Structure formats: C-alpha cells, structure tokens
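Presented below, as structure tokens, is a lone chain in the form predicted alone.
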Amino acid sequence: MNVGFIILLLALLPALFKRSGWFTALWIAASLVLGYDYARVFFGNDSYSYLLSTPGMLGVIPLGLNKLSAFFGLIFSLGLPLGILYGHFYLKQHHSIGISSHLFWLGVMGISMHGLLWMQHSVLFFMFWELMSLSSFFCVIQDRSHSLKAGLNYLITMQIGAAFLIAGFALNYLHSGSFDFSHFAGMGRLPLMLLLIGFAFKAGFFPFYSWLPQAHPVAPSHVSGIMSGLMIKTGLYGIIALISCNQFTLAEIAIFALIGLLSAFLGVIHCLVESNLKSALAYSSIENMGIIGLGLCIGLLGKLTGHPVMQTLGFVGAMLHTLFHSIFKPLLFYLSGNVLCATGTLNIDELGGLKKKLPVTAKLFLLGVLAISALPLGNGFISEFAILMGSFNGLQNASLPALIISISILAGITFVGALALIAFTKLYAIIFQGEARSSKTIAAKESGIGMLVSPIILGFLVLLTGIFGNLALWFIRPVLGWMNLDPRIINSNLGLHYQSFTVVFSILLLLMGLLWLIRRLYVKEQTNPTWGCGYHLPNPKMQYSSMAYVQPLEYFLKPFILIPHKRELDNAAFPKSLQYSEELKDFLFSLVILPLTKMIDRFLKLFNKIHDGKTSSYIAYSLGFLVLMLIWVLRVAK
C-alpha cells in the first residue's frame, strides 16, 4: 500500500511540468504495485489492516481492505493506467490548454478512487469521496469554453449527493456512536436509505443520472472512459457494501427493482435516439447501471424468499456485469476519441464510411457493440445470461409479489436488451458503414498506434471473457465467497453453461476464420459503383440519418422522450427552401432540474437590492443579526 501510494503522489510532480510520459509511466508502475496488494487480499488469505491514531473525536481510524474493496481495486488497477495511457496520446492529438493542471487533477482523481477503497472510517471515506468529485470536475472542464456549464452541473449534482451521504453517516454515528464501517450492519432505515441515495447519485441511477449525458460529451475522451467505466463504480461499491450487511423488505426490493427498470429503460431509449456519439454512450451507462441494479434486486429477492440459487445467480450476474462494464465502456469511449480526433466531430449524422478510413477502430468498436448489446462472443452476454437465469429461477417463487417482481425484471431486461441491440447497430452502421456524409469524414485517417494500444488491450479482454466465461467466473469467485454464496450453486448452474458456450464459440470462431481464409485465397474482389436502383445521381444525403434509422420506434417511444423540433418553411406559393431539425433533450433536466434552478435563481435575485454599496447598510445588517442572535440565546437560556 505505502509504496503504491507514494509512487502515485510522486507522479503528480511530472504532471505539474507537463511531463505526460513520466506521469503515465509512474502510474503504470504504481498500478502494478497496488494491483499486487489487491490480488494478495482478493485471491489469498492475506489482509491489510491498519489503525491510525488521531487526536480529537476521530480517535482511532481503521484502514484496510476486504474482498469487496480488493475486487474494485483490481478493476481500478487495470482501468486507470489504461485510461491514462490513452490520455497521454489523446492529448497530443487533441490539443488544448491547461495540460499541467489537467494531468495533476487526473492523478488526484485516481488517487482518491484508490484511497476511498482503503478507508473504513466514515469521515475519511467522505473526504476522499469529495476529493474525487472535485478533481473529476476539474478534469471534465479542461476545455473551459464549452465544458464549464456541464461541469458545474456535474459538481452541483455531486454535492447534493454528498449531502445525503453526510446525513446518512451522521445519523448512523448518532445511532452507533462510531464512524467505523463495522457498525454498518443492521443500521437504521433512515441512515441506510440516505446513504443508498447518496451513492446512487454517483452511480447514475434514476432519477439522479442527469449529470452523465451533460458531462461526458464535453469531457476529454479518456476522462469520459475513466468516469463512466470506473468512477461510477465507486457508487456501486458503496451500494453493494451496504446491501451485503443489511436486510431489506419485499416493498423495498420492489422499489429498488422499479428504479433499476426505469434506469435501464430511460437510458436505452435516449441512447436510441441520441445523435451525439458520446452522449449515446453516456445514456448507455445509465442503462447498464440499471441492469446491474436489477441483478442485485434478484439476489436480494432470492435472499429474502429463501431461494439460494436465485440469490447466487443474481449477485453473480451483477458482479460480472460490473466487471465487464469497466472493460467495454472505456473501450467505446476511447474509440469515440479516435473518431473525434480523425474527423473533428461526434455528430454521427456527419460521419459515415469510417470502416475504410479507420479499419482498426471499426473492428474494435464492433467488439464493443457485441459486448454492450449482450450478443454472443461479447462478455455482456455472459453477465446478462446469469441475471436472466436468476430471473427464470425466481418464477418458482410461491409468493405472488415476489413472482411479479421476477417477471417484471425478466421482461424488462429482455425488452431493454432488444432496444440496446437496435441502438448500437445504429451507431455502428451510421458511423462506419455507408458513404462519408461530410468533408470531415472524407479526410479521416487512422490514429497512431499510441491511441490504439489501450483499446486493443480492452478489446482482447472483451473477447477473452466473452468466450471463456468460466475465466471471469473464477476471477469474481473470492468476492462471492465473501458474500457467503455457495460455490456449488455457481458450478452447477453457470459453470457448465459457460463451458458449453466456450466450446460453441470456439467452433464458431474457427469456422469464421476458415471461411475468411477461403475467401482470401479463392475469391477475387472487385470494386464497382453502388447500384442506384435506376437513379444515376446518388449522394450521401440519401442514406439513413440517425433519426430515420429508429423512426418507427421513435413514434412509439414519444411519451417517454422529449424531442422538440424546429421547422422553417418558405411562405411563398411554391416554397424554395425547407429546414427541419430535431434535438433530443433529457426530460428530467429540462422539465425538473432546469425549472428548479431558474426558480432558485429568481429567488436569490430578490436579495440583490440589499447590496447597495453603503457601509452604513452593512453595519445595520450586522447589528440586526446580532440582535436576532441575542433574542435566540435568551430564549434558549429560559
């Protein structure tokens, strides 16, 4: 622990002097050291436990790791250096100001993410939590001119979530008399729910997700990948730590399931109609958080109703999807950075035909699409299969309310999965297939090898864990043991299925490779103009746009999405011009958060008149305040 964190602190020095190469190298070295510490705790019987003596009310502060924190630590030890490595090359291609401050705050964000995993004390945990929020805010607003508004929205949202955490930690301290995490078991309902809400803000669950589609489009691509794939997992870490040591009623589980379903559904339908690539990926993170939440609900439902198979499958699926999302989501965000650097735009309606221009990026993006759409060969298929198996097992519940919850989760995951498939086939088809829609795309070329190293490693992990499901199952087994789940259930209900998948997928890959080889050897390729159905003047505008691709679905989903349109028509008898545009707006932000902020702003402006610049006025205000305080003190004394 000590060595790893010392190296991370040393890495801040080259960051201040814009030495991105040294900063990246030190981060890779520190991640190896910390990863070794996490692995010793996670896979072995070693434990790290420290007691830090401090004066005052804090007293003795416990520091250490358990299987759950070590699991997330291993995820961070892999994901953070890959993100920073990608960022090193991305910042060279995507020139901007403030490189030294950006690298510094990027390092602080990573340190705080690792640090809070070691904190077993509410106050220190919250300090690292706030440091993570503040540093990630500075990382988001690297491009000050376009990102400040979205960054401030993110920071304010995180502070609201932090207020819930403060209230939860404080109430638990009043009940237990200790800041130690060991007193979180069996805590009171009010502090438990406050803490769950606080962590849900960071994880991006409904209705606290509005910061995700605001912040990610304007943040640098490596920051988006780290935040979406890794940082929001800190919210999941807090949620899983709480649910693993507390009991929940059927009504509470039903509410959690509803939140998970709404997160998954609203995330995927906004992803479906979004035309900005990074915004679509941000909405899909909300969807995936909803799927993880549904897996946790299945586990809790099985635990409550005495169905150990359902409990095990639900928690296994949730933990697997947590792991896999930290792989395929950064992969897609880093590839969006490649697209941005090559074309200068993230608007998918200005792209097209990039498969020929960016062949490696296109292939890796297709791997990410397989994973995030839960298709075979992608690791998302492995995790969602476990969650669906748990839902099917829940159909054996004798309790009618539990049966309804299981059916709702099963139907919801199936429906959301179908929409996700449409959403990501749309993204791949419009961005990489067809013809170039703008001059930006025509001049595009593949990024250098530096911007492909991290995506290639992540793509390999997607394929590896998608084919060898038992490998991922072996990796998460220690944390499942920490959750007191029976390994025999895992072997009999998932291990055999994953083994069969491995055989089938391996045969499928061999056949695909054989067909590709035959085609290369015996088929002579010819390039001819596209057949235009008798029309001799085709142009790129005749291709499907992002909205046209999902037009039938958009019609049925109109009650759930907000898409204001603007139409300008020449009023002449024979109009010569017609302009039509649509823009997706998040209804939570537009109909709830924005009006609320405007109302607060109007209220605060009522006090502008008291700032008249006269010293006598300010003295009068001070005297008035002192008089009120004196009256209050006298009343209390009585």
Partner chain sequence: MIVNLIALIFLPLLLPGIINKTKAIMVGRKGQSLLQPLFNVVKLLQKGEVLSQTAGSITQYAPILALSATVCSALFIPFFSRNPIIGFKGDFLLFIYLLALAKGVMALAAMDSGSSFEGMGTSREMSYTAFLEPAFMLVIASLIYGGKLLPMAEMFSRHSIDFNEIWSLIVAIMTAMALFIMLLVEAARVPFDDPNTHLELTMIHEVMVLDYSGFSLALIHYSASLKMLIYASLIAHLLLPPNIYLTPLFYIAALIIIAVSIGILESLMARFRMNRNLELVLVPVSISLLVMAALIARNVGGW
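Here the structure is a predicted model, which means the values were calculated and not measured. Numbering follows the first chain given and starts at 1. We call the rigid core the largest set of C-alpha positions that still match within 1.5 Å between the two forms.
What follows is about the form predicted together with the partner chain, which we do not show.
Using a 4.5 Å cut-off to the partner chain in the model of the complex, not one of K18, V33 and G115 places a heavy atom inside that distance. Residues placing heavy atoms within 4.5 Å of the partner chain in the model of the complex fall in a single listed stretch, namely 490 to 498, out of 490 to 498, 317 to 325, 450 to 458, 121 to 129. Among G481, G177, G306, P552, the residue placing a heavy atom within 4.5 Å of the partner chain in the model of the complex is P552. Distance criterion of 4.5 Å from any heavy atom to the partner chain in the model of the complex singles out L511 from the list L190, L511, A163, I156.
Contact check for S147: no non-hydrogen atom falls within 4.5 Å of the partner chain in the model of the complex. Interface residue remark: Y544 is counted as part of the site for the partner chain in the model of the complex, having a heavy atom within 4.5 Å. L421 belongs to the set of residues with a heavy atom inside 4.5 Å of the partner chain in the model of the complex. When contacts are judged by a 4.5 Å heavy atom cut-off, K558 does not count as touching the partner chain in the model of the complex. With contact defined as any non-hydrogen atom lying within 4.5 angstroms of the partner chain in the model of the complex, the contacting residues in 501 to 522 are F501, V504, F505, I507, L508, L511, M512, L515, W516, I518, R519, given in sequence order. Relative to the superposed rigid core, the position of the CA of L509 differs between this form and the one not shown by 2 Å or more.
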